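Consider the single chain below, provided in structure tokens and representing the form predicted on its own.
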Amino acid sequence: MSIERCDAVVVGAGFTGLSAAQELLRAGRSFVLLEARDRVGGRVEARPNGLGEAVDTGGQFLCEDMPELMALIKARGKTLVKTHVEGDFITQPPLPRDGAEQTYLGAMAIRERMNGIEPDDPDIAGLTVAAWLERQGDPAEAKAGFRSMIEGLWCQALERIPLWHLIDNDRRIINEQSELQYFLAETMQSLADDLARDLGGRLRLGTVVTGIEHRRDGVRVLAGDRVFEARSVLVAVPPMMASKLAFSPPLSARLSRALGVWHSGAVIKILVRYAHAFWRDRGLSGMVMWRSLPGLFACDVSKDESHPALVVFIGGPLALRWNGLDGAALRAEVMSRLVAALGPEAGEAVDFCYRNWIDDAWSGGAYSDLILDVNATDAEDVLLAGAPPVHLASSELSPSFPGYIEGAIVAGRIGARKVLAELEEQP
């Protein structure tokens, strides 16, 4: 068994772990960044489609109201592509143009009303989002639009999400520009790869952490036949994945409970390439929301005129229903919906590739974990406190943009500063 000693160990090389590692690097501390996968990025990923083009199969979008991510993109010389949104927005089942707009505005009005409630308001104690929505007097179309929006974004059934938790999360997503405003021509994965290159040999890919032994004066992180001894460890993975790690001695009952209330949702992401952006010729934006299939959403992700494409997201209960489909059956389901919404040309795709994130071995099944216990109102604070020298960080715990790449960057930097403060206190 080989033993390696350093100041700190970071577990997980998503944007949280990469951002933490950058902070430790700047501070001149010795550390290792351990990643189970053979790549960095976590829930951010790029793969080649059937045409050999690198496409974002994981986290992709950003907007100018995400300052840390925007600054990073500028510093690394990445190319922003503005998402095409000009043209009519389509809803399914079909509605007249005015009706589609009213449905969208009605859904947003419900969301704004929800966020006007204080998360600790005793009147909402024990309520799920679904139970609260049922009490609202809005038109059925607006309610259906709201359900599709939330289940698509948070990848969970409204019947499972505590109202206080959704309010608390949604209030921290403070962008005024659409979160679909931009994506990167080089893929978001390329940005993660740039951060990784700075780390050199400190990054260890394909290193599965099997246990963390901890005491007040330090930690031993176990990874197969390797042991990393350090003064501090930052577990930079989603809460649900952190709950699967073996800690010795076991974490306190309070901290174990706080980890156990988080669950990952379900999402399948699909990229459909065309020879021509036919929807634009008809004055359509390419954006489609299915009210009858909550969690199904499409929009234009054409990198340029030579790469016309739509992205289709399947989130929440619908993703779980379609999870058992093979590639051909999934393609048939999705393409039939696109044809019904956008016309027969939608069936003439030149490539169809998809990434099913459900039950992903190292990050769960969606963009973000959510608390699904209506009574676990202190879970996030408990995780943020950690059990020094064991510290926890993830996008879910970020004070801004939880569940987004921006949130991961912020959370990673905060986590690294906790580690650095602890290292400075120790002799």
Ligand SMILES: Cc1cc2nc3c(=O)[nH]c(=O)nc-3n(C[C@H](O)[C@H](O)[C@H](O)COP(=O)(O)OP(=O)(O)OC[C@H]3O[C@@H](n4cnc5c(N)ncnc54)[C@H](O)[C@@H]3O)c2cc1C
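One rule holds for the numbers: they count along the sequence shown, beginning at 1. None of the values given here were measured: they were computed from a predicted structure.
Beyond what is shown, the protein has a form predicted together with this ligand; the following relates to that form.
Proximity to this ligand in the predicted complex, taken as a non-hydrogen atom within 4.5 angstroms, holds for one residue of 146, 262, 164, 357, which is 357.
Though this ligand is absent from this view, in the predicted complex it lies within 4.5 Å of a heavy atom of just one residue from 370, 44, 55, 379, which is 44. For residue 415, no non-hydrogen atom is located within 4.5 Å of this ligand in the predicted complex, even though that partner is not displayed. In the predicted complex, this ligand lies farther than 4.5 Å from every heavy atom of residue 234. In the predicted complex, this ligand stays beyond 4.5 Å of every heavy atom belonging to residue 325.
Shown alone here, residue 24 lies farther than 4.5 Å from this ligand in the predicted complex, counting heavy atoms only. Contact with this ligand in the predicted complex, defined as any heavy atom within 4.5 Å, is confined among 289 to 297, 316 to 324, 342 to 350, 263 to 271 to 263 to 271. For the three residues 11, 16 and 59, a heavy atom within 4.5 Å of this ligand turns up in the predicted complex in every case. The partner is not shown here, but in the predicted complex the stretch 229 to 245 reaches within 4.5 angstroms of this ligand through a heavy atom at 236, 237, 238, 241, 245.
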